[in-house]
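Take a look at this single chain in structure tokens; it is the form predicted alone.
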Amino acid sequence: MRIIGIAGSLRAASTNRALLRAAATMLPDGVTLEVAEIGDLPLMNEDLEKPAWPEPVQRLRRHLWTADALLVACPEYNAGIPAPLKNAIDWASRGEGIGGVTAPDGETRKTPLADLPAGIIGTSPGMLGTARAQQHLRMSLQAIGMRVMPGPEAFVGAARGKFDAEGNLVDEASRAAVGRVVAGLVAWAKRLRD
């Protein structure tokens, strides 16, 4: 099984990117996690779809077409989804053929995200973690036809004390929460596939 991860924060020292690194250490045998970069995506603009999507958009979509599941590490900015993450979702939610590209042979999904199982994790300095942003993200992902896992969830609040100087998630309760989401996403994706 191949999980694609997206970190909603563009900072090199992002704690949400660190959550994805922690998640990658908790995968069962036969499961991989690869992070797709979103920092160089242009702002969503239908004029840019013709005659073909820009290369960064094509690269993201190629990653997502190969995914068996998506794991999003969602920060919370002003009680909502950060703009780079929403931008990536908007580009990936567009139907094939719009940007001059057709779906890979044998593919039955209309977009790289349609029917794709998804899990959400997130961390922020605030006490609520990313609960509000995750709720907004869940609604957006469901609206485009993704199979968002209903639970478990991981809201890692008060992030500053939960990572070491190298950016590793060291808080045991937070590691356990991320581990439950990883295990749940693998089981959710298998259940939907079968």
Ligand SMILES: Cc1cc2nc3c(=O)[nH]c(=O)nc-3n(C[C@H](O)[C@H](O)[C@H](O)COP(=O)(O)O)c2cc1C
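Don't overthink the numbering: it's just position in the shown sequence, from 1. Here the structure is a predicted model, which means the values were calculated and not measured.
Form predicted in complex with the ligand: not shown, discussed below.
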Contact of Pro112 with the ligand in the predicted complex (heavy atom, 4.5 Å): no
Gly119: touches the ligand in the predicted complex, heavy atom cutoff 4.5 angstroms: no
Contact label in the predicted complex: Ser174 to the ligand, heavy atom within 4.5 Å: no
Gly126: touches the ligand in the predicted complex, heavy atom cutoff 4.5 angstroms: yes
Heavy atom within 4.5 Å of the ligand in the predicted complex - qualifying residues of 58-96: Pro75, Glu76, Tyr77, Asn78, Ala79
